[in-house]
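Subsequent text provides structure tokens for two forms of one protein chain, presented individually as structure 1 and structure 2.
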Structure 1
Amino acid sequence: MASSWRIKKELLAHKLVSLASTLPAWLIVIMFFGLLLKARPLLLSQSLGHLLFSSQWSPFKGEFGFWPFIMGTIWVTMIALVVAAPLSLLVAIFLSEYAKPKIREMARPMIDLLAGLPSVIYGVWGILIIVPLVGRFLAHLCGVSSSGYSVLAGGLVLAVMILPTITHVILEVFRVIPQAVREASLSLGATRWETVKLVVLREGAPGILAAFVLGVSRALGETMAVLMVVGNVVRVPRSFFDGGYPLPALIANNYGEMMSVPLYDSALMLAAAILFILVIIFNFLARLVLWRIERRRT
């Protein structure tokens, strides 16, 4: 009897965990089609090409051109990546290959802490430090006038946010590269830097790429921190000092009014869907590249 109860429990458990395991996949499907379903009225009323590439945005007249928001997203994300990628790589190389173990052990919790700080905190800090820095200092330096609330400020705040995340992943990548590979290079008379450049970076390339992808997908969807410093102006940014309006900020700023204007709710759900698709495409491409690199190696 006891034994048959045990077997029943096992079978029941099997059923339950199998069911649970399908949930993530379902969540993706339901989320995707749910957002599209909600966006359907808008998609039916205007062509997708027009929606994506038009710059006209006036919800009260029923004009929904997403181009400024898409460009705003791309601007802040690119700025963040260009700033954070080399910095985090340098920090990771220093901590993993040059720093004394004591410093490395001190740095790890710091990095984790920075990676875990809420985005609102970064936003607050962005308003206090980055916006004035951009508006009063960098803009003057470049001879333009700017309030500071700009895609550059958004990008810099994002860069600071994704820096610890990227550094953390690269450190993990470097840690699994066997010490013996480094010794092999050193024993041939290579300097430490040559060993890093020719061996460690090469061996770690797929992992480093993955770290950058992670940083970018975090930057793409980051809402509050960016919203607080980017200016939220509906136009395609032309320079670093222009204000912008990334997609996540669009959703967060206007959800309150979306039920009162026709098609507005459809538009915001479409914005979420675009963001969702961007992230998925990006992850997919990255995975493809990684897979190819891995295959070429072994």
Structure 2
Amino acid sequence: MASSWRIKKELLAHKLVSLASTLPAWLIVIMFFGLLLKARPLLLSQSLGHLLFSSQWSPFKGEFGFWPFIMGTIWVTMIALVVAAPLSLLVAIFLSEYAKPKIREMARPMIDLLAGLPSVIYGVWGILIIVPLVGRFLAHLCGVSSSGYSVLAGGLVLAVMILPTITHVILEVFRVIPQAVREASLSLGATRWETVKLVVLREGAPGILAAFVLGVSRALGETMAVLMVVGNVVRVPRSFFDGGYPLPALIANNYGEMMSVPLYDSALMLAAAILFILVIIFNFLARLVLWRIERRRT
């Protein structure tokens, strides 16, 4: 009898754990369809293709073109990734493989502190440092005129924001690689850099890619810091020094202020759904690359 009761409890626990494991997937589906439901009035009034690829944004005239906001989001995020990915990888390699233990232990709390700072602090820092740097130095160096409030400024601020997050994850990836693997490589005559390049990076490639995905996911959804430095100009950026208007800034700037405008609430919900889809697409592509890397290794 006791054995039968134990089996029933085991089956119940198994079902509860299985149900809990599917909860994140259900939450994603519920959130996405909730956004689509709120955006339905706009989707019924205009075609999705027109909404996505039109550059006309005039809510009072009923024109809701999301193309400038989509491109602004992509510009800022890609700049942040291009700047932060190599820097964070190099910092992680130095701290993991070259730095003395004392330096490593001092750096870890500082990285965690940077990762936990509120985004508004990064935004103020961007206004005081990055915007003047872009407007007065980088733009002048490239022979163009810019106020400094641009997608480049937004991308640089985002790069600084996601750098500690990516670095922290890569450090954890390197830490789980057995030290014996490094010692075996060194004992065969490989230099320290050859060991890093051919052993550490190869073993940690899936984890490094996951760190980049985590950083980009944060960059895609970041609002306050980008809103403060990107310029908030409704146009498709043509260069690094043009202003932009990412989707998170659009939602944060306007939600609650212009709800009396017909279809405006639906437009902002559709903007959130588009951002949601961008995050899912990027994660799917990263998972595809990760799957190919693991397949090659096996």
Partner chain sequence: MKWRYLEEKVFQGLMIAATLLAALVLLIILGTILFKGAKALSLEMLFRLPKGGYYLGREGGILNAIVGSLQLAGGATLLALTISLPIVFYLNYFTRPRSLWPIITRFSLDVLWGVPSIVYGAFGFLLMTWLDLKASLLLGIITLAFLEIPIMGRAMDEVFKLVPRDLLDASFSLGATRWETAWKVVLRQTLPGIVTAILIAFGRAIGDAASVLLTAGYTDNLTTSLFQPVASLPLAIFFQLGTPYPEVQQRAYAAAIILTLIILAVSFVSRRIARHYSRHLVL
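Here, rigid core means the biggest group of C-alpha atoms that superpose within 1.5 Å across both forms. Each residue is numbered by where it sits in the sequence of structure 1, with counting from 1. Quantities reported herein were computed from a predicted structural model and do not represent experimental measurements.
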Please let me know, 1 or 2, which structure is the form predicted alone?
2
With both forms fit on the core, has Leu48 moved 2 Å or more by CA between the two structures?
no
Given a core-based superposition, decide whether the C-alpha of Phe60 shifts by 2 Å or more between the two structures.
no
Report, in Å with one decimal, the C-alpha displacement of Pro24 between the two structures after core superposition.
4.1
After superposing on the rigid core, how many Å does the CA of Arg287 move between the two structures?
3.0
Core-aligned, what's the Cα displacement of Glu10 between the two structures in Å?
11.5
